[in-house]
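Two versions of one and the same chain are coming, encoded as structure tokens; call them structure 1 and structure 2.
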Structure 1
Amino acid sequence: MKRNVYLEDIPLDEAQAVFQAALQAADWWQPLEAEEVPVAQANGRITARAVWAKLSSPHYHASAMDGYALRAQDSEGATETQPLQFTLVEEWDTTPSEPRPIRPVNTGHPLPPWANAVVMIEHTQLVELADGRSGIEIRASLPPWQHVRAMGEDMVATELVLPANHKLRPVDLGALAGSGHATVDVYRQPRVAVIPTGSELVSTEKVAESGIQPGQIIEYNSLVLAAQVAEWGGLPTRWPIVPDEFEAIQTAVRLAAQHHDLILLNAGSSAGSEDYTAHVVQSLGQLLVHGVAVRPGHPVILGILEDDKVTREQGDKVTNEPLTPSPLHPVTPSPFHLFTPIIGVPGYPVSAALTGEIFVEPLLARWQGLRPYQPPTIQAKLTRKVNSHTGDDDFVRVAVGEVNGRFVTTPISRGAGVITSLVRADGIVRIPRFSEGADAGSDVTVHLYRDARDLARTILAIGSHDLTLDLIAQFLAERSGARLASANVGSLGGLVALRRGECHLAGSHLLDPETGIYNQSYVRRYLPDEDVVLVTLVGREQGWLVPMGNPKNVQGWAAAARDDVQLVNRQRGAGTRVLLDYELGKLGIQPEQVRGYGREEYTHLAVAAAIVSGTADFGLGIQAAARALKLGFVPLAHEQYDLVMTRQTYASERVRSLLELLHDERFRTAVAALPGYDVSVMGKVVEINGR
């Protein structure tokens, strides 16, 4: 098979238009056929046609209280001083001959045909009448239909209960049943095959059994895509991993096309020598789009499979082979159709998830009679400049917080392979083509992943990375429901963000080389007019992260200048970088003498990962990062990590739960268990007054 190439890299709106036109031509741009399901199984389904009440609800005049049914006109004149007495009767369907008949009823019981009101039992008194029979005395008159649920109060027969294209909720099921319906017509749920491809992929089950080897990748995109499909109302089928072989992928697609309405073929959509998705689509139908100008998600493939090509026998009898996927539901044939849409989903996890949101959700919504989902949006101030490729629509993941009465948003990791960036994201900022990005301080529209009300409980931290921040987030969620959202931009970046009012607090560990004191001089320099409070979070041990056993014997600060070792550095402005520069300066070592000095990572764990991967021999970081990735550690310095905030924030209700946490024994014990951490200084407060 020849090497695959991009056919064209077209704008997003054009790609969507091409796909829609092909679906319309194939008679696929309309809701699926209806099916009748029991009301009890219809929650979350979409009504295929309007539902009209078969019965009135209630279908009789019903008592709304425990009490006595009577004729309202018989109660006229009753007062506290002149009560009226009524005769208890048994008659139900004929008007009693008694002058003031009254009959016991319970809540929900039908009223006798002659009654039109109910008096509450607590407003009556049992008495003996003059003729010796039992009677009821009341001390207030009643208007007609007092405490009565009149027939049709809720619904009247033939009234519209629910419109078509309505997503059924639990309360809707009650309305359906109450109006006499045992079943309801809903659109059939789209059946979607999710086929992961890649010879390097291994399942989570296999990893659990035998571990994972270098070069192997855990397959989880199908988990994400299948869960998205289910959340959007579809029925997903997860296929087993298919190796990077043209015939194997083609066979899987042909089988899936016979039983599903949509195929998501994951990975193999790029331009590598083992990327076969485009060729498979071409061999079985029409390749409409190969490459869309979006980031992340460039190598998206959109196509239509044709029935005559799918069912044609090639070599062995493909159409007679048994289905062998690991389904999330039983695989049964779909109604016959001549064409099946297929989407080649990029292999990078963020690209895969966003492809689902951009292309799959709108199609599934259309098939179920719904409009595509439109997430809630807010306007927020951007804390950092975002550079964007001029020819692409850029989907930037962001953290969001409410600071000083307005929303601020800060970009988080942008790598297409960083699935945790979507986990941590509060929303997406869409940078349109040809804009070249967005400047710091500009207002942007954030398409939210979270309820905006959650943002009011969010503490936004920008600054230096520390593992303790993850523990804080965990404990806050358990204790108070508050959220901690953090962005790693380095200590100096955090102080600048705090000065601009773009965060609630900044994590900082900046050493003043003249005094040996952490953070205070930098706060005075960068926030000279603010009253600031420094709250010490932890003491930390910094040192060289090295492979286990320290095979190259990296010792002391002078090792940075050796020509036989490769460094991985932290980004400019990080406290760790400041410490490194300070110590190298004391030894007279210039940056250009350090191999790898220009390679930058934004977290301690990223530095550790670079060493584990073998692309670097050592890097400066904390001992906990070494322990996390099973590296060796050469201690070099002890430092102080502070949470920096304005006095106003320090006194606010928003951070109260976080400050209380610093004195919680369970939390302190959890932090102390991290290697190289000192909690004896935790909670220490230093106030710095602005001029």
Structure 2
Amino acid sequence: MKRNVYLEDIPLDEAQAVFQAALQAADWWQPLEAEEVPVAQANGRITARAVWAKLSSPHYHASAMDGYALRAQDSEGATETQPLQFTLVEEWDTTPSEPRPIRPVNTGHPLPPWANAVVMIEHTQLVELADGRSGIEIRASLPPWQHVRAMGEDMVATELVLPANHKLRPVDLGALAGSGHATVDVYRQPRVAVIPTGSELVSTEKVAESGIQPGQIIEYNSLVLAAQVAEWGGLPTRWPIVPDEFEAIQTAVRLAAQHHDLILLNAGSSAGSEDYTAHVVQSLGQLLVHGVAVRPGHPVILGILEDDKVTREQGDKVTNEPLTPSPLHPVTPSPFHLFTPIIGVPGYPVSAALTGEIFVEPLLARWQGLRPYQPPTIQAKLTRKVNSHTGDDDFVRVAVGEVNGRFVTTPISRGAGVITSLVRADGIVRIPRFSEGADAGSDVTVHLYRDARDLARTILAIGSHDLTLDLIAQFLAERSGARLASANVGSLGGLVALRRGECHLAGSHLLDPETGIYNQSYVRRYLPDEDVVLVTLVGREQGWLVPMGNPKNVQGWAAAARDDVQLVNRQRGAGTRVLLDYELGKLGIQPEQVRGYGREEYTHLAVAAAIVSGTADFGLGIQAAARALKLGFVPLAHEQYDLVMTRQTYASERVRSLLELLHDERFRTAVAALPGYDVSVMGKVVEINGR
């Protein structure tokens, strides 16, 4: 097995400069050619040149009202008491001989050539004239051009309608058409091939059909990358999954290079035994960069394919290769170009998505005459220390909340594999190279993924997690538009966050061993100077989570000390951990006696997952977690889960819809349906005034 462990990481800005220089040398660092598209299909496209009006608007003198056209000078002297009478003339009469001609016109109608004003229909009266003909009487004189939209009033032919490099909006289509354009020149959309590689990959469709086996990985980076490309104005082609074979990948790349402006080759960009991207790029062009010092995302590859190699190799080696693209992906051939940039995108999903933002978006923007997208930013106080490798530009996903009129931000899981960390992120904090990180309490710049105004209606819950919080999030989203964001740090961690003003709510289920009362004594101890309100959310059952059927017959608290079973524990500060330690203490069981005591998970579901996977035999958790993962459950205790908040928050508009929800029958029914949940105590309020 050939194993190449070499990866050379170069700084991000250097990598970007190398790539840009190579593209410049290849005449590819500039907007693509223009194409002419019908105005009706141009929304969202980018103008390739300035657009000048071909027609004036209006292109004739038009009536601005429903009424009658006349000569203003004929109306001189008309008054309320001395009305003037006009003679109705026919449309074909272009030089009327009547002394005071008048003609009905509706809004937008052209004025007769002899007229220069319009009187509103409301200010007229139909009369019979002395000669028996129909006439119109008016009772006030009109200035010339009254109620007339003169030719060119809105826009004069040759005026600038829109500049180049302008992203067309719906109203722009109106201005284009109104100034005489049936088509508009816009930049061609970049064609981007997204090629997933990996013998372990299976498509979502395949998984839906026939399930998934250990070792198989659902291929979804191509979904993310293709959707990114489309959002950034490109035309993505999602390739079928290519197995980890040099020839197969090379063939796919060759084919793609002949019909696309850019190739994204996903995974195989590292230096493992089955990582062929670098070799494929080298075989068909120049490998510019292999490894960029960004986190997450290290094994990024940047290269340029050369047309002569792409096509010559084709003749040399792959004689049976069809020259048409896969019928799944019909594309029209690109204008001939000698070079095709290629980006080897790392396989971890967060790395892949960030590689899109860092390398793909700026290139697509450049090709369409736009500046790279700059997300909006805010300043926020960091709630936890972030460590960073000094050599790397570090992109830290964060949650952001607005608490007491100030933004606070908390890092989310750092793992490159956790796509949900990007889903949940409100933004990114960039820790630059040469920095070792940022301290808790320091001010950081957050590049936002969502509208800052969303943050104003976000309730930030930090503390112990309960499934009810997910239900609250769902009900709030459906009803009020309020948003609940939650982070799991355990009950004690939540109270600490609340004390520091880093959240609105703390979910807590901390048992006071002396009184048997939940949370109150902890609130007094951890928030001694705060005016605090406890709102009971649910009562719920704690017990041993065990494999279905309880094969090792784990029963009672004492089972923790058995030497034939392996525990999975919760982290320090979690209410469940407090409960376990309390019960073990009562029985005089020492932590050292409990096998697996040191293995800590952060959620009920993570504990359940450890048991499902066979890495542990039992753990303390709630019945709903057992039900969710089809585990057995041995009930041990009832506990109370409260929402803790300051009185100020309790009284604020922000949490009102949440508090109302606790008295909503549909919501209570949904919670009561969770196994082991008791909603009879829901919405009970206890006020704790300082001490």
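As the structure is a prediction and not an experimental result, all values here were calculated from the model. Structure 1's sequence is the ruler for residue numbers, which start at 1. The term rigid core refers to the most C-alpha atoms you can superpose between the two forms while keeping them within 1.5 Å.
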In this pair, it is the form predicted in complex with another copy of the chain that is given as structure 2
Would you say G44 moves between structure 1 and structure 2, meaning its CA shifts by 2 Å or more once the core is fitted?
-> no
Quick one: once the rigid core is lined up, does L32 have its C-alpha move by 2 Å or more between structure 1 and structure 2?
-> no
Core aligned, does the CA of H504 move at least 2 Å between structure 1 and structure 2?
-> no
To one decimal place, what C-alpha displacement in Å is found for W92 between structure 1 and structure 2 with the rigid core superposed?
-> 8.4
Give me the C-alpha shift of I136 between structure 1 and structure 2, core superposed, in Å.
-> 5.5
